[in-house]
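One chain follows as structure tokens, the form predicted on its own.
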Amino acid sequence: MLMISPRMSSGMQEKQFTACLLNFFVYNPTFGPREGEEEKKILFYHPSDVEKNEKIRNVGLCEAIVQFTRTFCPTKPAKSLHTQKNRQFFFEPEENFWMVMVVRNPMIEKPNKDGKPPTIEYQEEEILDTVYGAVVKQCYSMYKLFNGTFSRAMDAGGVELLTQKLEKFFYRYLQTLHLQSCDLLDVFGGISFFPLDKMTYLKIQSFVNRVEENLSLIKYTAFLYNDQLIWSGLEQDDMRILYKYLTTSLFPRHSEPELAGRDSPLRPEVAGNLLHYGRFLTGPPNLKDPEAKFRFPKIFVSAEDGHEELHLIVYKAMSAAACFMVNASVDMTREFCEQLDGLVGPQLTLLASDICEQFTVNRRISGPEKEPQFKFIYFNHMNLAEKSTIHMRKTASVCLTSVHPDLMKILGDINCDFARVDEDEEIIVKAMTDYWVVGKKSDQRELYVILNQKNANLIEVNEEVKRLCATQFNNIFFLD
């Protein structure tokens, strides 16, 4: 991504380039152990048009770095390599399978007088290892969600099947990686929960129980409203990656037709249906179409004996979405989909309207929102709950934050410090821009606050953060 900043003095323009993906590859060093067989190690390489010898050279270099660092610490191989122009991230998700992501450092191109070529300055310290290391792990988790493990593909069809699966998945997935938008939220990989009163929550629980009882094929259910989670029957780690897929890929893809309105040709399945506003986001777009195909994406989730394969049915009515998971060995039929549509559609529409009403009442009670003096990010490691007033919108393609990138970098640095020690601690930083940045780690919870009070002193900042904890997190215990 290119950003241009004009220089006031000379009228010449500096060009700023953000971090971007240079290479991404998956290899297994045991597949080509002999000289002349090095290409067999490479299971996937992006970009694919790179010359064969360069691929072999790049993979060989990474293999050498990993082996060399193992001599110092056999149990903890290298995680990243810093160079002037780029940063490499290594991850071994399964034994002997390595994923490597190479990111070009942000740079500034400064024009020179007298027609000389521009000077390029690489900003080596702008990239955080924790953030992009988390991105590589997300790549594997997302692959595993839709394809299962690498070893599963090897058992089913050997190297050939694995390379096909990697090619098919990463060719599309890497296009959705917008590295310049990655930040602290990628490190947490948390879930935003929707706040609800007890009665409405019980209605949702009752709805889930009723659907699972009437449609016995459904094994797991998840319920979301406004892209926030309310109920989930999945394990935490499975829900975490499914939540990321839903909120950054599936829901944004369907928001355009939704905004188009009821009479739009983009929503033919709603036309004439006055009973409810329900529709399938995965599977058949229109149940009344005689040619409709009843195919749903398949996902893999944790089970007692490894992983189980499931059909993912996502059904939405207004702002409420229900995800139903059915064992993949069962064939999906028109009859089942019609039954689900008839049962879930009207109930989900009513529930969506109840939640909306409750949300509106709560907002009215809490009064008009004033622009606060502070912005914060909160994360709970125990239940993966995440809340941010810094991010106005975060999807795969866009990350709108209401603070300067330098402040986001400070938040990332504080998080790195927290990760190094197990004890609870607090860090307060005064930024060059006169903002105060506070990080608080207490009992598996982390809170990061940005305060816009340039004349405040340390004691006043501390008092302000205590006030914030008392108002926003009154039922959460933070150590002082």
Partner chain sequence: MDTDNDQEGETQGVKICGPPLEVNTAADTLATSLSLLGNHMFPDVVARKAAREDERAQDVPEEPPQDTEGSLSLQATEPESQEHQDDVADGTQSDSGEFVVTVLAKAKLEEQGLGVKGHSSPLLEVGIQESPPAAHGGSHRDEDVTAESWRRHRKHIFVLSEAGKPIYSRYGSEEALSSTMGVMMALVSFVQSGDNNIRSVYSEEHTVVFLQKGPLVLVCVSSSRQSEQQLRSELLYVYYQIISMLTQASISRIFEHKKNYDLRRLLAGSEKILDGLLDLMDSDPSFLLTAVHCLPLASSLRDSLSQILQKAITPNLVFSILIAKNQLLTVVQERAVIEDARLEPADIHLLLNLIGASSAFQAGEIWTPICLPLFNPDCYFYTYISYLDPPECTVCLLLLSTDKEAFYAVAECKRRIEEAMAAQGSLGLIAKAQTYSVSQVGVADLRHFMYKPFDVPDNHRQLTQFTSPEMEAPYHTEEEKMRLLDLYRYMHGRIHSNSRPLKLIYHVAERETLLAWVTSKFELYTCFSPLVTKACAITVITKLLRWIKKEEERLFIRYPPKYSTTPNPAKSSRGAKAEQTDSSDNGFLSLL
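Residue numbers count along the first chain shown, from 1. Note that the structure is a prediction, hence the values are computed from the model and not measured.
This protein has a second form, the form predicted in complex with its partner chain, left out of what is shown; the following refers to that one.
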Subject >> Of R172, K76, K288, K116, the one that lies within 4.5 Å of its partner chain in the predicted complex (heavy atoms) >> reply: K76
Original post:
Ok, C139, L351, L128, I241: which has a heavy atom sitting within 4.5 Å of its partner chain in the predicted complex?
Top reply: L128
Subject >> Touches its partner chain in the predicted complex: E37 (any heavy atom, 4.5 Å) >> reply: no
Original post:
Taking 4.5 angstroms as the cut-off for heavy atoms, does D406 touch its partner chain in the predicted complex?
Top reply: yes
Subject >> Proximity of R210 to its partner chain in the predicted complex, heavy atoms at 4.5 Å >> reply: no
Original post:
Do I191 and its partner chain share at least one heavy atom pair within 4.5 Å in the predicted complex?
Top reply: no
Original post:
Using a 4.5 Å heavy atom cut-off, are M199, S232 and A322 all in contact with its partner chain in the predicted complex?
Top reply: no
**OP:** Quick one: find which of 23 to 31, 445 to 453, 38 to 46, 417 to 425 has residues within 4.5 Å of its partner chain in the predicted complex by heavy atom distance.
**Re:** 417 to 425
Subject >> Contact set, 434 to 459 vs its partner chain in the predicted complex - heavy atom within 4.5 angstroms >> reply: D434, W436, N457, L458, I459
